[in-house]
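To begin, one chain is listed below as structure tokens, in the form predicted alone.
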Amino acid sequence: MKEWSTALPTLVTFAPLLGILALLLLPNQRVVVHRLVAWVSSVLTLALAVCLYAHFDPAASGMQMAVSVPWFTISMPQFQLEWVFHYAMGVDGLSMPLVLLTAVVTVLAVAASRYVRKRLRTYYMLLLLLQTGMLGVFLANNYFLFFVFFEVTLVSLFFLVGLWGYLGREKAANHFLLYNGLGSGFLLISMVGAMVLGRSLQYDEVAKKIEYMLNAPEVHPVLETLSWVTLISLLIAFAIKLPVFPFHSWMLRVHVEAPIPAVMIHSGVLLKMGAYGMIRFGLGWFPDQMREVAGWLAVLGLVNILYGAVLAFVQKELKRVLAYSSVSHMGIILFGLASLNGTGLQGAVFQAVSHGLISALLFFLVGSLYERTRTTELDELGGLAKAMPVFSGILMVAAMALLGLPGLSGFISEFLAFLGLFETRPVLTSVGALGLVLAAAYTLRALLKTTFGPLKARLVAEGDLVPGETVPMLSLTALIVLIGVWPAVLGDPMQETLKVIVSKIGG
């Protein structure tokens, strides 16, 4: 590994800050230049993320291109305790796909920002700050650093929803802050628990200390209790983020009221932090305890799948259909996690990336539709295949990917997650498969009501997509097809990391 490559995780994480700095130096009136700066910054970050992928060694396990520098120290001499906090960054097979997903979705979100017209400089600065937070979450190698980046995403999204959203934006932002603030509280409790159990917040050190402590011949009851408190706090924090039923109501409001670019990022990337945290910290630090709660995770996954699918079917508005669809698809991720085997875990990560790409594309389409028709109510749409054939064609591919058509990314992710859980819980998996049938029903219902049938008179004059929309949408569609027909491009980098996790949980 070349020495200079250790700087890549840091460069990828903080590259968006260059865009923020440039925007700070520009006057408020230079709207075109603001858009150009955001474009250049997001594309530069994507190029660095691709460079990171090119230097990533799929055959190696553990953190790569890692750097760890002492940051500050907290001492408690009365208890003979001292914690050295590190600035630690790195990438492994679990974070690599999510870093690429973040970079890609952010470029698409910048493209969709053509629909945002007020206070552009501040808007783009918050969008780029959000990107830094997301990348930092996936590239941090220290739990304190993870927590800092996690909070950055919370603050920046709160303002994006509250200032640039639709009519109910303030309620949605407050709801988001309330739930996610509660999640941050549990995350803080888990961090304190990790500090006590691991005497460090470096990922590997905490895992080794907890493994050594819990496998000792006699485990002190207080430490055993603390390990459970830490794990449950972790699971609640990330269950809110994913979200898992019944912590999902805040997500529905954000999906409906947030500006389209923020929804693309929220649905595409931010929800996946919950899955990332459960795998990284839950399975990575507490493999034995996770075996004991895996059944509950599977049941919650089943509830998510069926509850989200049924409610998606009865919705009369497109964004609500997609919102409940996301709830349902997060249940598939839980299925993969609960399987506790390599196939299921691979399916969970595939589903995180696949759903990120598909939902970003679908919300981009919904945003372009709303800009033209000023409605996303299903009863007010219809026949758009005649007026907007390019839009309708891309919408059809995205819808097919959402319901898991073979050859598209949704199929391979759902197949792996269900197959993985079927090995251990066949009955529950079979019931969960009903969600796939319902997914086909609500997806086709929404697609048919939007694009087929008689064209509404008020929609006759609507124009089709313009190149500024078509090119990024087709690029995203190409990625969905690429993963569907060549899953190794995503699967190979994660193999060795997942093998290590699976060896711990005995899957």
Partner chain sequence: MEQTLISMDWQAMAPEWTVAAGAALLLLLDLLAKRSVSRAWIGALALLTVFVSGGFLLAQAGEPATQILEGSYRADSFALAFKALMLTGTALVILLSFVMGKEELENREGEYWYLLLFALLGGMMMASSTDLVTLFVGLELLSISSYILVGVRRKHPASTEAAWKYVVLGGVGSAFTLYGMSFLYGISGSTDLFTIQQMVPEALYNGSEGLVWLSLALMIVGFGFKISSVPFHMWTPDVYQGAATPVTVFLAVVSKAAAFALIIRVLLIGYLQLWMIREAFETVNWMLMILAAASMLVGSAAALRQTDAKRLLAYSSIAQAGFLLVPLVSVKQGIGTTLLPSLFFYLAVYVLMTAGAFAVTERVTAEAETGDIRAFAGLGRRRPWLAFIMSVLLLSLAGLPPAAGFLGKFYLMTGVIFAGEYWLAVVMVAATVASYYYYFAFIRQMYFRSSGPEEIKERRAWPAVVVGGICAIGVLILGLWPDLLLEPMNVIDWVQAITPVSSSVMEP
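Positions refer to the first chain, counted from 1. Predicted model, so just to flag it, every value in this text is computed and none were measured.
Beyond the structure shown, there is the form predicted together with the partner chain, which is absent from this document and is the topic of what follows.
Against the partner chain in the predicted bound form, the set Trp71, Phe158 and Glu170 is in full contact: each member has a heavy atom within 4.5 Å. Within this chain, Gly162 lines the site of the partner chain in the predicted bound form, having a heavy atom no more than 4.5 Å away. Contact annotation: Met76 falls within 4.5 Å of the partner chain in the predicted bound form, judged by heavy atom distances. Taking the partner from the other structure, the partner chain in the predicted bound form has a heavy atom within 4.5 Å of a heavy atom of Arg199. At the 4.5 Å threshold, heavy atoms of Val222 reach the partner chain in the predicted bound form. Though the partner chain is absent from this view, in the predicted bound form it lies within 4.5 Å of a heavy atom of just one residue from Thr132, Ser184, Thr376, Thr424, which is Ser184. Between the options Met213, Val431, Val314, Leu178, the residue in contact with the partner chain in the predicted bound form by a heavy atom within 4.5 angstroms is Leu178.
For the partner chain in the predicted bound form, the listed stretch (305-313, 358-366, 139-147, 382-390) containing residues with heavy atoms inside 4.5 Å is 139-147.
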